[in-house]
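Heads up, what comes next is one protein chain in two forms, each shown on its own as structure tokens, labelled structure 1 and structure 2.
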Structure 1
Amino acid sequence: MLIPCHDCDLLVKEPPVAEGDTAVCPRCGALLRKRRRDSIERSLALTVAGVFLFVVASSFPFLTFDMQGNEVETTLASGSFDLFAQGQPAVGALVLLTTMVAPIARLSLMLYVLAPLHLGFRVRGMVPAFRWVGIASGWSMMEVFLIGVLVSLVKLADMADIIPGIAIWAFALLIPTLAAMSSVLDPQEVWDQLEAQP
């Protein structure tokens, strides 16, 4: 089958790609196709793990600030709401979008598409849902937030004691889970299965 490369438009003959292999454009090196073993089952398993970890990471105490006996307890989302309260709605909305809305959308839409595919039935709107998975992934920036947590801990080390909560451990596990989820996902496999209506 002839496919135009999405980065340089060269017409490329797609060779058979074995499981675990990746096809790249001979002219510009763009990734054309990757095939992963049991892609749907594995990414579904990691999505379920990701949902569980996200629920823990966002509902339990994240970090606690202790300065001379005065304690402030935070959760994952409290920072963006505090920004709204301080009169910085633009920054608050950006943080809320990239650390809450986009990750929730990404995980729940993945579940919405992959679970029925795995179990062998169809639900309404799977095609637009999977399109939105791609868009939500681009705006989900949990791994960047983790670096932000590290920098903040250093900045506050002189000022007060910082007590890590349960949520931060779940969060630290969530980052590699999400990375593995997108690494084992073969979007073409999902699109092919969505197209082959039973």
Structure 2
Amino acid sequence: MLIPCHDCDLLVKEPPVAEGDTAVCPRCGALLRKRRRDSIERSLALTVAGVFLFVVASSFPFLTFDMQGNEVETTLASGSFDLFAQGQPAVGALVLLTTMVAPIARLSLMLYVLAPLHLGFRVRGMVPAFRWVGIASGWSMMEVFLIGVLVSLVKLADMADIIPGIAIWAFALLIPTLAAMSSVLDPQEVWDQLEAQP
């Protein structure tokens, strides 16, 4: 199979690349392909860790505000629902999409594709599921939400006692876990295994 060099557009026959090795363009020396070691297994492990952290982040209190004896607990989802209740459905839907729907869709799709590949069998719909991983990743913006939360904490610090819940720590750990999951994943390896599976 011929593949193009993304730097000089030379078409070259796809060379076999062993795990941990790289292939470069014979004309300009640009990277053609890099195979990461144990890509599927490491991505799967980080996906499972991400699912666990997401369940904790969405199930337990995110922050507790104590204002003159009145305590108010918030959860990851309650911020979105409060926006709906305050007459801002578009913003609420966007926050819900980027902090809840897209991340869990991304993790679920990764689990749906990687677990069968690791175990050596194929289930229906793996190809479109892996294609949807990229779409879900584009809408997953939890780091933006966390920055917004931190800015709000600074502004509210003088008005109330703010007690961070276990969910905010899980949420903070989830962000680098998802980044590491994307970093160790070799999409070409997944596509090759999907093609090789009967």
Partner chain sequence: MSAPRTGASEGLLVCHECEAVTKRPAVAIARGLHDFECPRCGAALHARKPNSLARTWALVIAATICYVPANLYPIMAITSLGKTQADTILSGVFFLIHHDMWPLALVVFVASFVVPLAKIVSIVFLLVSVQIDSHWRPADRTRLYRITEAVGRWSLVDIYVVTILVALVKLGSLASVEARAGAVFFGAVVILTMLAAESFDPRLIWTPIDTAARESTPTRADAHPGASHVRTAPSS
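Owing to the predicted nature of the structure, the values given are computational and were not obtained by experimental measurement. We call the rigid core the largest set of C-alpha positions that still match within 1.5 Å between the two forms. Residue positions are counted from 1 along structure 1's sequence.
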Can you tell me whether structure 1 or structure 2 is the form predicted in complex with its partner chain? 1
Going by which superposition fits each C-alpha better, are Arg35 and Ala115 assigned to one rigid part between structure 1 and structure 2? no
If you fit the C-alpha atoms of each rigid part, what angle in whole degrees does the small part swing through between structure 1 and structure 2? 40
Rigid-core fit: what Cα movement does Leu11 have between structure 1 and structure 2, in Å to one decimal? 4.5
